[in-house]
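Single chain ahead, written as structure tokens, the form predicted alone.
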């Protein structure tokens, strides 16, 4: 068992640290929960007493991943996920910081619920949890929550995610108020009058399946509205899980104008398309006549999986920096709300444990350089967190010792039943991914490891 005070040397790994433009072999020394040193070589004679030396051959060491968008469900929906199971899933996925959305029961619209989440995270004794407070009371879209109180309690931003802030006057007020707190408003971009709870993307496949279609414009009109409100107020706007080519272009133009706008995309919107709803196997979507594989509710997500053109636009936006961050939108559900008809099924994919492996399909194809992938999962999220993320996302000397170790070429088969998360229904069931998290170190403490000589600490 390795604790936060025991020094660790990772020797001879490929170190990828976008914060320093570093992508080469080297040694990494961790001690007292901090990064002590990163260098091409660290001599044995300079190591502190009791240092654990880990052979890094075949491993990539990078800053711990930061996820801006997870649903930990607790309090209120513990049958879907708990903070304890969520942080365990995060550790397996290489994430050392989670930003928890407020669509709990009761909603995270007051300091007492924020305090509860922070206490439960400490008890879980795993990765860091940063709460996101509500924009409106009870996420009802009628009255602003006590945003100052939430910020004082530790909220790192405000969102009604799962529901958009549909009232433009309230959104304007929220952005104005949040500007004074120097915190972002994170909106779920959807015009509910246009989507009308449609379960999948509008197009030829929704027509073929006889399902109501969710048009891209339902997202894009809200993105456009929020960008203009950010321009008016100067408030920091973060757009959650954008999914269409049109949204990417709108964000691109906003950044060209110098507006305080950031955006995220999910692994599933980058790597899967609406064809998966029509039917898929472990090799991907199927063509031809409909089979029993169609209407798989594991593919139902909000916003819906879009077209191949949209996925390509998201990838292009990710590469060139229009999209700042990758966020999983980890949305676990109990099996009882997934094993129903497609229309009735809950929306959401559990993404923490498959994110890196799924994204590595893009890297292996040459579509996304590894250093860019790591940047969008570390430094990119820090643009949104601002001062609340100080000391994270880097392997610089003195930074918090959040480190993820990766095996880029390890193949593994996704089995939802083996997830730490309570959400077991994944569209990647049975799919072979190439690229896996080997170990996760959070604040100098090993919280997950499949590396010889690097034993995970007891989480109890």
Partner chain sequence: MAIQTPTTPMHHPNLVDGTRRHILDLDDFSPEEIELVMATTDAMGEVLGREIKKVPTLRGKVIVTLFYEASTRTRVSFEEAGKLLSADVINVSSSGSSVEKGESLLNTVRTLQATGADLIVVRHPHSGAPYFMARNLERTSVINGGDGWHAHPSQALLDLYTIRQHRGSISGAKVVIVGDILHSRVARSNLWGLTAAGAHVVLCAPPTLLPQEFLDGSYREDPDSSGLASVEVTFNVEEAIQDADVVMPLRLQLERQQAGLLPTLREYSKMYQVDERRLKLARPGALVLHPGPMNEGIEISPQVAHGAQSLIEEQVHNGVAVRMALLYLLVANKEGPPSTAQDTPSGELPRRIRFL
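Computed from a prediction, not measured in an experiment: that's the story for all the values here. Numbering follows the first chain given and starts at 1.
Absent from the display: the form predicted in complex with its partner chain. The rest refers to it.
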Please identify, from 207 to 215, 126 to 134, 238 to 246, 68 to 76, the stretch that has a heavy atom within 4.5 Å of its partner chain in the predicted complex. 207 to 215
Mark residue 361 yes when one of its heavy atoms lies within 4.5 Å of a heavy atom of its partner chain in the predicted complex, and no otherwise. yes
Residue 294, heavy atom within 4.5 angstroms of its partner chain in the predicted complex: yes
Taking the shortest heavy atom distance, is residue 341 within 4.5 Å of its partner chain in the predicted complex? yes
Does any part of residue 278 reach within 4.5 Å of its partner chain in the predicted complex? Heavy atoms only, please. yes
Counting any non-hydrogen atom inside 4.5 Å, which residue from 114, 171, 311, 183 sits next to its partner chain in the predicted complex? 311
Of these, 141, 285, 260, 348, which has a heavy atom no more than 4.5 Å from its partner chain in the predicted complex? 285
Would all three of 265, 373 and 391 be in contact with its partner chain in the predicted complex, where contact means some heavy atom lies within 4.5 Å? no
Are there residues in 410 to 437 with a heavy atom within 4.5 Å of its partner chain in the predicted complex, and which are they, in order? 428, 431, 433
